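Only one chain is shown below, in structure tokens, and it's the form predicted on its own.
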């Protein structure tokens, strides 16, 4: 097959957070608008795009592995193009092509939407583009994640510079969409059949555009768009306000789920992480949330084994987890991330201690998750049908208002339908229930 054959089809694989999912959907829409056709199987594509995550070394190693697998397609189809976009592309730039010469395009977080131009050799583009400041944020049109749900990025970038985090270096400084733009984007999705929208940002709570802050934005979207279910993530404890919690309490359109990363339970470790809040401040937020919202699902992120973390400081993290009683948590042992401030620290917690601490934390949290899910028994949760269960094709799955997966026996329900489900059983990870028939 000729190397000069025109690129006509594409396939995108996405790794990482919901913001990457949103970016991939937008990029796909942009390629389709330019006449390229999306295919389900990457082996049928003329262009393979990997939208990457760079938060952890494991995520980048996974991409290197995938690039090795994809090379076999390129040997069979010399005209095939391979593009690595997003956070890993931003971090490595042309170093990535030096490491993996069969990669054709490396486009960072501010430049990935220029892939159609780069493919067509438009003046001003090149095979490696990672410069910040080229993105017109309001030119990036949100697109649906599915027929019934969608992500709307309200801001891009981050100004917090936590010492362990690569995101500010690969996403750039925080820039917010205009409030009118966001409202119009959700309205458009609703007109296209979307019933649940999620507002995304590295830190949604710091959203600010002219006189609109995040609580005001959330109120506008809930009241002006006709959306049935509204979510947001991720929150930062230093910026989450009582006003935001009050807004959630006043409007049932806003789903009762807050993801609030604590990261550690000790103030000295939090300071070393650059988190800019104390555990006392964090616990006051939790107290207000629980007092104000009669039903709320709380989730979090936690890192153990951070440089210089002592055993007693780690035990303080366990204490916080026991007191807050999160419904679930993303839990990690610290690993060095090149390019971050923490990479200069002495990684002095032995790997065996990190693993032990993580295992103990996971065991604690799984026990709490199980107990929290038992409180769901006999409750009716209005849940969004997402399709058939992956493990049992005779059952369907849905997402509760609190963002928990529930499996239930029902057939033929249309995806995107909101149904009342009575919870009949639960383990640490999943709810099981039955649809409540109308009276």
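Residue numbers count along the first chain shown, from 1. Since the model is a prediction, treat every value here as computed from it, not as a measurement.
Just so it is clear, the following notes concern the form predicted together with a small molecule, a form of the same protein that is not shown.
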Contact test in the predicted complex: residue 353 vs the small molecule, heavy atoms, 4.5 Å
no
Heavy atom of residue 301 within 4.5 Å of the small molecule in the predicted complex
yes
Heavy atom of residue 337 within 4.5 Å of the small molecule in the predicted complex:
yes
Consider residue 164 of the chain shown here, and say whether it contacts the small molecule in the predicted complex, taking contact as heavy atoms within 4.5 Å.
yes
Counting only heavy atoms and a 4.5 Å cut-off, does the small molecule in the predicted complex sit next to every one of 56, 263 and 332?
yes
Quick one: find which of 402-410, 376-384, 63-71, 48-56 has residues within 4.5 Å of the small molecule in the predicted complex by heavy atom distance.
48-56
